[in-house]
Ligand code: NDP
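Here's a solo chain for you in structure tokens, the form predicted on its own.
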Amino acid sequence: MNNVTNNKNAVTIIGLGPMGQAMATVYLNEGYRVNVWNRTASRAERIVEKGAIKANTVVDALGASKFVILSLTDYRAMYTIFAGAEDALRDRLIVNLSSDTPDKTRESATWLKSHGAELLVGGIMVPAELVGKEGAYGFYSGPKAAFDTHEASLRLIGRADYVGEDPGLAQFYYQAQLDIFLTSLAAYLHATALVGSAGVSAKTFLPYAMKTFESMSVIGALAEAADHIDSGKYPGDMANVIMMGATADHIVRASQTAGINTVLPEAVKTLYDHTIAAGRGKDGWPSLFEAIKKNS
């Protein structure tokens, strides 16, 4: 690959959706030589106007820098894009920020290694408009030496938290955070529908919902739960499973009476039911973890 730039501040970005565009803009503003490629070539026009260099082919894009960031729908898209360009992968670091399952990331690490490339798995935990801004962060896993070499560049798009050599680890962290996020949003919508059935507007209820999310008691409960989970001991002197399970049952029945969808509260109630059936009714609510971690 004789055409690769020797500029250490060079990056190739493949995939120019909102996240790819945002990262390209950050690197351009930091004085990087930014090379871009997208399957729909017209998507590159706006970022090229800002100073990026559009590669005509994937081979050209890989040849422009040894530091390559992918921002794609999933890992399957990577195989599609690199089909026929495998020789150009040699000596490249592929930082794949696409979302997928941990096993898919591990498989891709093996596949890239067979073509002479390294994979650093990443997951950016902010939307595109916050990339490169205060509070932005991401998880990374894979070869530590590769991470160390490019850490300064990765930190430009957000705090870079390295979580281990296993390529699947960053994806575990990423999906776990989204698990909390998506479930919390669904819970808010369900709660809003519940009060809405009584004629309460979303705007009227919003301050109370926000107070729950911001509550220090919630934050404290999470910290306490983490200690109990790691120790495997679940004292039930405060909020035990039977008490919390009764509340879960009340939410289900209130939802039924209101005529709204009960899938979400029933799922929560099921966890309490399983935990009680396992003989943990008098344990603290974090003991639900024992029911969750077993696929039964």
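Numbering starts at 1 and runs along the sequence shown. All values reported here derive from a predicted model rather than from experimental measurement.
This next part talks about the form predicted in complex with the ligand, which is not shown.
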query	finding
Options 159 to 167, 204 to 212, 184 to 192, 127 to 135; stretch whose heavy atom lies within 4.5 Å of the ligand in the predicted complex	127 to 135
The ligand contact in the predicted complex: S108, any heavy atom under 4.5 Å	no
Non-hydrogen atom contact T80 with the ligand in the predicted complex at 4.5 angstroms	yes
Non-hydrogen atom contact A117 with the ligand in the predicted complex at 4.5 angstroms	no
L72: touches the ligand in the predicted complex, heavy atom cutoff 4.5 angstroms	yes
Residue (of I276, M19, A10, L288) lying close to the ligand in the predicted complex, criterion heavy atoms within 4.5 Å	M19
Contacting member of K269, K66, R33, R43, with respect to the ligand in the predicted complex [4.5 Å, heavy atom]	R43
Heavy atom within 4.5 Å of the ligand in the predicted complex - qualifying residues of 91 to 114	L97, S98, S99
